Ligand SMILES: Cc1cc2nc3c(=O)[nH]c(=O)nc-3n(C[C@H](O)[C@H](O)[C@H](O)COP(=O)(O)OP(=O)(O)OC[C@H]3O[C@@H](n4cnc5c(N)ncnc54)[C@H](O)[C@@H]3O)c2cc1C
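A single chain, nothing else alongside it, follows as structure tokens in the form predicted on its own.
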């Protein structure tokens, strides 16, 4: 594999012992560069390979719906690893304490993990690194072009990162080798995961309904990808901004939990015998926009607050702080879809009921939160809170970048000045009317549709 996908987090003298892969962001067995790197180390050193996952009992604003989807996917990971004679251990608690304890208990030789740009995940890795004395590697198994390799700074927008990614795609958009079954030394440690007991230890909001319309796991992700490529991708560019039509891929939860590799999706799209123009829109979102979000969170420590906005955006929002707002709503009123506008309420209901908002409506949803909040700080806090709590793919760089784009002009340019927004891009109901049948959307997700 291309070692540019790998970076060392802690240098230490190597020692004999098991290779441990700390799975976190990329929760799959196939098409996983981090797992492949760990397995290669195990084969080279003639050592056993062990995969662990450290389940924290609470994570940002995530609720039971996100944990339920993730845990069901991890059970499939355990099952698939057994086919390759690789043991899987589910730990429960804080990674900074549990993983060093585990490393010491089994006298491991090397620790490998996958890449994640979020502050909390990087803090976990720092804490783990401080308390182990073995080599510690990080592998970007999430992005096609490794985030820390494509750029060493925060990019201004898609137009600045796109040429960098496209220049490197021929090198990194390669086919995956297969996991080598039974090629590592047999592991003497036997693990028996008590899933029921671990789930009972969760300290999350159980009032948020689980999502039973989307089947989790690696197999379900590949099935949905195949269905999208067979029946939807030809119409993606034409209909993707129409919330009334089912033209989006619906793959984002699988990408978020790492149950599907973006590289696998891109490879399968590239092989399709359809006009290039039908592929480009989806590949732009899949590769450039996703990787731009990771770049934003990696290099901007304030990706989820006002301080992370560009200077021009902070300036224009500050200049319009005292503008009169026709409507002002609290976080609770937003959460309960209690605004004056049926279209916005429908978008919030879609989020609560389905665990997602259609991409076009999510932009509108966040813009209106800015328009109807007392401050831009409060608007961003509300948008991030609701997104992370209800969105199945919440707590994700795409979500933080999307909220920052809508409210703080991140990855955008200055537009014509207007009240409240200043030079931040504006969206209104009439714009939605021109895009799609808003009455059909309201009928589908209006207040009467809530459970």
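Residue numbers count along the first chain shown, from 1. The model shown is predicted, which means the values in this text are computed figures rather than measured ones.
What comes next is about the form predicted in complex with the named molecule, which does not appear here.
Asks: Which of these residues, 313, 161, 251, 211, gets a heavy atom within 4.5 Å of the named molecule in the model of the complex?
Replies: It is 251 that has a heavy atom within 4.5 Å of the partner.
Asks: Which listed residue (348, 259, 293, 143) meets the criterion of a heavy atom within 4.5 Å of the named molecule in the model of the complex?
Replies: If I apply the 4.5 Å criterion carefully, the residue I get is 293.
Asks: May I ask you to check whether residue 412 falls inside a 4.5 Å heavy atom distance of the named molecule in the model of the complex?
Replies: Outside the cut-off, so no.
Asks: At the 4.5 Å heavy atom threshold, is residue 377 in contact with the named molecule in the model of the complex?
Replies: Contact with the named molecule, no.
Asks: Any chance residue 32 has a heavy atom within 4.5 Å of the named molecule in the model of the complex?
Replies: Looking in the model of the complex, residue contacts with the named molecule do not include residue 32, since no heavy atom lies within 4.5 Å.
Asks: Any of the heavy atoms of residue 40 lying within 4.5 Å of the named molecule in the model of the complex?
Replies: Judged by the heavy-atom cut-off of 4.5 Å, residue 40 is well away from the named molecule in the model of the complex.
Asks: Using a 4.5 Å heavy atom cut-off, indicate which stretch of 356 to 364, 339 to 347, 147 to 155, 75 to 83 touches the named molecule in the model of the complex.
Replies: That would be 356 to 364.
Asks: Scan 279 to 306 and write down, in order along the chain, each residue with a heavy atom lying within 4.5 Å of the named molecule in the model of the complex.
Replies: In sequence order, 282, 285, 286, 289, 290, 293 come within 4.5 Å of the partner.
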